[in-house]
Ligand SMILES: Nc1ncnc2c1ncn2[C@@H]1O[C@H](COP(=O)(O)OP(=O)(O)O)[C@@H](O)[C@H]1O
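This document starts with one chain, in the form predicted on its own, laid out as structure tokens.
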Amino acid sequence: MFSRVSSRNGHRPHSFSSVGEVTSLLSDVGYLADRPLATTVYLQDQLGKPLLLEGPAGVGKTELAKALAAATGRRLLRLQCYEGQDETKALYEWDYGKQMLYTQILREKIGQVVADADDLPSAVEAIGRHDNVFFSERFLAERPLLRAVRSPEPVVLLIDEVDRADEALEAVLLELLAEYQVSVPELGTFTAEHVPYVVLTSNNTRDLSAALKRRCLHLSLDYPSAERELDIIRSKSTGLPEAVATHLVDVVRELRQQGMRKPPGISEALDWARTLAVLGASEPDTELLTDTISVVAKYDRDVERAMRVLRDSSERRDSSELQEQGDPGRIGNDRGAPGEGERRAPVPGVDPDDEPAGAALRAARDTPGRHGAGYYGESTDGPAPRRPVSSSQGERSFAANHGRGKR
């Protein structure tokens, strides 16, 4: 039996009229999309193509699908991919328990069907004429892919972490991504009445096939700029003061540069912001960040690197505060010159209130006998006297050196 549920040219509602509307509607549900992402979502809607998002974990790939569902009022269907997953968990399977139950209940009727059969082949042939009864939609257990195709209303289909699935599942996806249809050998081909928004996400744990990528619009998502990440934290109403949120973003961005096994994503930054707000953080506090570092560092090695970053950040902040206050105890500024509030060493013969030129300072310091006794290891009580050198000594020394040079 072959049945087609609907035509490929079925109704496909357009939810967005412009790129600006995409940005606005996603912002209304708490998702801040930049211009390239909003443009790609708009093209997905207008062209009716799946969208493949690739990038590190925690940059908002899965959240985009959720935001799309919320912004458009569509139902969200999710297929979470994993290694070893087969098509029965993605497409459909037959409800064998239900089939066996019906077989037991209808045993008497089955006896009537084969009552006139003279031998076993005849009985099998008689039952075969009714096998479509047990392979009908009544016994079909839908999984996310088939459910999205057969849905009587528009949906958002999220195929999450497709890079974790085996390549065999990628091949199963190709028909759906190209034609928005699923073939069931016992029943025929089901084609979507409403073209779903299909969002595939990948954390780049392996390369996806060219066939899959060819069927999708593609966009690589990376960590946002500091300004955008701060805007995201503000938009989530974490209750964190501005100064603390700004410092938190700086720390998180620095952690991402440390080669951590699991760099903190936007989701971890939000969790950290909410954690600090719950603990009542009112100003940047290294001790409080240290106490809650496990929110963003998930491995022992990452914890060690994060602690090192926090110590360095604290030292830089303390140094910056000292420089702003002009602390007299500072040794100097970054250029090696005396810093503000720092006193120069006294120079013999030069008024410290004057501001002599550099040459004059050097000349003043270059005074014979300016160092005290013992500076060079002498045991004398007074300044070391200059040794006079006669002209004859100088000539003999020059002649000796000149003669060696010739040899």
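Numbers follow the displayed sequence, beginning with 1. Everything quoted here is computed from the prediction, not taken from an experiment.
One more form of this protein exists, namely the form predicted in complex with the ligand; it is left out here, but the text below deals with it.
Only one of 302-310, 264-272, 287-295, 179-187 lies within 4.5 Å of the ligand in the predicted bound form by heavy atoms, and it is 264-272.
With a 4.5 Å cutoff on heavy atoms, residue 31 counts as touching the ligand in the predicted bound form. Of the heavy atoms in residue 44, none are within 4.5 Å of the ligand in the predicted bound form. Residue 164 falls outside the set of residues with a heavy atom inside 4.5 Å of the ligand in the predicted bound form. In the predicted bound form, residue 69 stays away from the ligand, with no heavy atom inside 4.5 Å. A heavy atom within 4.5 Å of the ligand in the predicted bound form is found for one listed residue only; from 213, 256, 75, 236, this is 236.
Checking 218, 317, 228, 206 for any heavy atom within 4.5 Å of the ligand in the predicted bound form turns up a single hit: 228. Residues are counted as partner-facing when one of their heavy atoms sits within 4.5 Å of the ligand in the predicted bound form; in 48-84 these are 56, 57, 58, 59, 60, 61, 62, 63, in sequence order.
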